[in-house]
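Encoded as structure tokens, the following chain is the form predicted on its own, with no partner shown.
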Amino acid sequence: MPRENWQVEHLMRRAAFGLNADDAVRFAEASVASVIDHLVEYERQPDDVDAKIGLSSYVGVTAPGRQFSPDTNIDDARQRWLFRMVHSQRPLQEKMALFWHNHFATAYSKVAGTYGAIVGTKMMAAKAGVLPGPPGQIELFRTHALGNFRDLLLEVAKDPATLVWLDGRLNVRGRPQENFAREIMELFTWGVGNYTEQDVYAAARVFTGWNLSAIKGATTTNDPNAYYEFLYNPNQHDATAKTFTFPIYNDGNKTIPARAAADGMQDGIDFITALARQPETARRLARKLWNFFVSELDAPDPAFVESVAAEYLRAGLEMKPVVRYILESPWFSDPDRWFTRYSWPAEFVVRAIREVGWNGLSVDAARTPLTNMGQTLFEPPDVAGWELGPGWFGTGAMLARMNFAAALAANQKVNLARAALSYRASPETLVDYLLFERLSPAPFDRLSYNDLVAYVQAGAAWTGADAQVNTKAAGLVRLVAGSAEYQFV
């Protein structure tokens, strides 16, 4: 059926991973408000998507010659996350997990290089209750996807993968390790220009003793039951006072007081709370959310930044009211800002699969193309995350997108032709079906539209024969999904 609910389609591209055919029917008559409610209040929807892995009506996974094991094999973990993005009934939860994965960028390679591939995968991706040990970092991001930012920040500070990635496991009294202390201010909260080197050193002392403990043979690299967990070690905590150049407490006091080492975890809790409630932290999050939800072509509107920051502080640092406020805002719904955000490789791949089809496809077919596009899940290039926006689009990366579009179209050729048979009356009807009903690119200009029509007309005179539809439908999908217009959401 025609996809005429353009505001809803915009919402689903930005706050989810696009509309598939079932969504297009489901939301055809839905109000924008009801779809926002559906997305934001995702706890109302079942989280049973992992149970669908391996079922024939869903996109496939590949584990040649072995059992699929996403809790202990990082390539399988990547497939499971892609599967979830394609099929989850809670797409905004997955979208925010992707956002936080970039915000708190942590790379599997260092974690696995320190503790081995199995433990490293568990630290990054393990689901709670499948194997002994705490859930992986991505599960932390799902759990707190729209939760309280201060609580998320505290859990990240205790997260085993973070403690390896930023060397918190080595942070001990007498030899404070500054990596996490610096990044929690520079990248995770209020940004450069708001702290000094004195603050970095004081913060490093705050987190002394926030270390790791090896459980059940975790010093080996091949035991799936082995794990590490957060340990506060009072014997390694600097219990003296720490003074900052900015207030830590509501009364303006800049000093975390000396405490008994047994109570020293409170130092970190006080420090994290102070950072999370800083107005400049609120503004920095607002600017990042502008780029993620509203536009990368327009600079953040100062009025948006101030109003979203105010909502964040008013809501007690809860992210659900903040994201709802953004999705309901005039900045988000402005048609001039549709298709003004560059799709991340994972977004491009998942949206293409959802719109083109997946029968007979394995998400494993996307892993290498994603790397060629510049995004390997669980492997951001450094602690600052991926270079977003036009940074995704070097020549090689764009070629990788075009090649994936071609491979996906070829894989789905039979299904595409079957669906397109009702639209074979003319080259124009076939093009319109794929542009306006099946796929969701940014608008093609008249010249580009005519080029698509000319592609259908090329060769023998158009009769709409089965053989013509079989060839041209897949070819059009390849051209549209690989076009510049399809790279925007």
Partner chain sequence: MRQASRREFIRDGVAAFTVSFAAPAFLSDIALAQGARSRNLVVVYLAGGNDALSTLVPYRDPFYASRRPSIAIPAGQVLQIGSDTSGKALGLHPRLTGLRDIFNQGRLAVVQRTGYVNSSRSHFQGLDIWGTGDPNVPTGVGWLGRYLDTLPSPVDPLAGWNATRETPRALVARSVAVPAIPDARIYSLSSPNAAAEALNERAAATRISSHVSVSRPHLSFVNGSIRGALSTLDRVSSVNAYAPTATYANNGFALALRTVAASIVKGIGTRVFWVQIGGFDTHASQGLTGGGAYANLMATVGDGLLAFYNDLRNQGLLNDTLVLQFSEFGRRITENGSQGTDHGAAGVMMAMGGAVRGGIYGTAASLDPSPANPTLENGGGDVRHETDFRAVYARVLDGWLGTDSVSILGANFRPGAPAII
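Source: prediction; values computed, not measured. Numbering follows the first chain given and starts at 1.
The protein also exists as the form predicted together with the partner chain; that form is not presented, and the subsequent description refers to it.
Within 4.5 Å of some heavy atom of the partner chain in the predicted bound form lies at least one heavy atom of R478. When the partner chain is considered in the predicted bound form, A442 lines it closely, a heavy atom lying within 4.5 Å. In the predicted bound form, no heavy atom of R354 sits within 4.5 Å of the partner chain. Within this chain, V414 is remote from the site of the partner chain in the predicted bound form, having no heavy atom within 4.5 Å. Here the chain stands alone, but in the predicted bound form its contact with the partner chain, taken as any heavy atom within 4.5 Å, falls in 367-375 among 367-375, 223-231, 146-154, 73-81. Against the partner chain in the predicted bound form, the set V130, F141 and W331 makes no contact: no member has a heavy atom within 4.5 Å.
Taking T395, T240, N235, T245 one by one, only a single residue has any non-hydrogen atom within 4.5 Å of the partner chain in the predicted bound form, and it is T395. With the partner removed from view, the residue among Q45, T62, S426, S448 that has a non-hydrogen atom within 4.5 Å of the partner chain in the predicted bound form turns out to be S448.
Contact annotation for 449-475: residues with any non-hydrogen atom within 4.5 angstroms of the partner chain in the predicted bound form are Y449, D451, L452, Y455, A458, G459, T471, K472, A474, G475, listed in sequence order.
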